[in-house]
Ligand code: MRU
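Below you will find one chain, with nothing else, as structure tokens; this is the form predicted alone, and questions on how it binds or moves follow later.
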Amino acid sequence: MQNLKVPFSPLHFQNDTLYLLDQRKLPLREVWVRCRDSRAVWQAIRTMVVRGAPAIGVTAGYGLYLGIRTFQGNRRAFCRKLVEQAKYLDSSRPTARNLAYAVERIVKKVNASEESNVLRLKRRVLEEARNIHQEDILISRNIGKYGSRLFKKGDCILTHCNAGGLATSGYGTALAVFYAMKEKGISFSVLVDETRPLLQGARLTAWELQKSKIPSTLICDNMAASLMRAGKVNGVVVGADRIAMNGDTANKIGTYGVAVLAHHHGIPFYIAAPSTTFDLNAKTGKDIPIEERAAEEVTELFGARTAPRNMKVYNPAFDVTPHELIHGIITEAGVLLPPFTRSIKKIKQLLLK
């Protein structure tokens, strides 16, 4: 597969080492973390050195190779080791579907092979990880192409969390729409939700858009309603971490609230996501596991205490937006429209190939 260029990339693989841009340090510092084994990759995913469903999937693919790189033994033992490492990496974060998709795809590829030489099997794992990486870039480009057709000159578009180059292989899902609009010469502006509690909007999306010279304004999460009522929002585009077969979508906590507000004010609300984010085994949003994270993410901000000690905390990392609130789902295969149980069949066919 050809090497596709991106404005910037949050990860690259070279000399059996995975390099990840530490997104916990942005926007103040650009620090790269080196991962040489699957344990380091697991830790990087879990602690959000890397985040965003597509980027996590690509990272896990390389992590699977690093987990079997030094293995010595026969094919049968190798395949057992591969499955073991796939399950291990999949346990790092439960909600993002792309993670499971990547490791399952690689395991399936190896199991389907009749190759008995373990060295060549290792190369096959790495080759498939690289294919997933390059495909993610192409998919993001196509999402941008289709999504850019939904908006017009002068529109102001709201986005929540970070679904840009940092969340993928360098181009984005929701932000791919903005990059494509800029490339077409369409003038527009973006409103960026700060996205509590980890401020992925303020720290990451704002950094990306500023770096790419896209007109944008940062707002607190609780400002969206008043701006919508004032007629200052023409549309909403967000990413996704897992999509059920009826269109119910899990994304960063707070997305559901934005969708409710958009619905109330008659503003189109779009999801932008690759086919790999769809979960064939999830019939509805009730089948999507929701990760809960540490209390300190809510009670502290950059190490400073912001809540009383011993305060009880509930900290789900994601929520589920019901399909009834979604105007359309922008994918690499086009924009899926309601009823999603019908339009998602196109994605199901892609995944079952």
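Quick note: we count residues from 1 along the sequence shown, nothing fancier. Please read all numbers here as calculations on a predicted model, not as lab measurements.
Another form exists, predicted in complex with the named molecule; not displayed. Remarks below refer to it.
query = For this chain shown on its own, do N162, A167 and G239 all sit within 4.5 Å of the named molecule in the model of the complex, going by heavy atoms?
reply = The answer is yes; N162, A167 and G239 each reach the named molecule.
key: 4.5 angstroms heavy atom contact with the named molecule in the model of the complex for H323   = Output for H323 is no: heavy atoms all beyond 4.5 Å of the named molecule.
ask   = So in the model of the complex, does any heavy atom of H133 sit within 4.5 Å of the named molecule?
value = No - in the model of the complex, heavy atoms of H133 and the named molecule never come within 4.5 Å of each other.
query = Is there a non-hydrogen atom of I290 within 4.5 angstroms of a non-hydrogen atom of the named molecule in the model of the complex?
reply = Output for I290 is no: heavy atoms all beyond 4.5 Å of the named molecule.
request  = May I ask you to check whether T249 falls inside a 4.5 Å heavy atom distance of the named molecule in the model of the complex?
outcome  = Heavy-atom contact with the named molecule at 4.5 Å: absent for T249.
inquiry  = So if I measure heavy atom distances to the named molecule in the model of the complex, which of the stretches 279-287, 240-248, 183-191, 212-220 falls within 4.5 Å?
reply    = That would be 240-248.
query = Which residues from 301-330 come close to the named molecule in the model of the complex, meaning a heavy atom within 4.5 Å?
reply = Going through 301-330 in order - heavy atoms within 4.5 Å of the named molecule in the model of the complex - there is one hit, F318.
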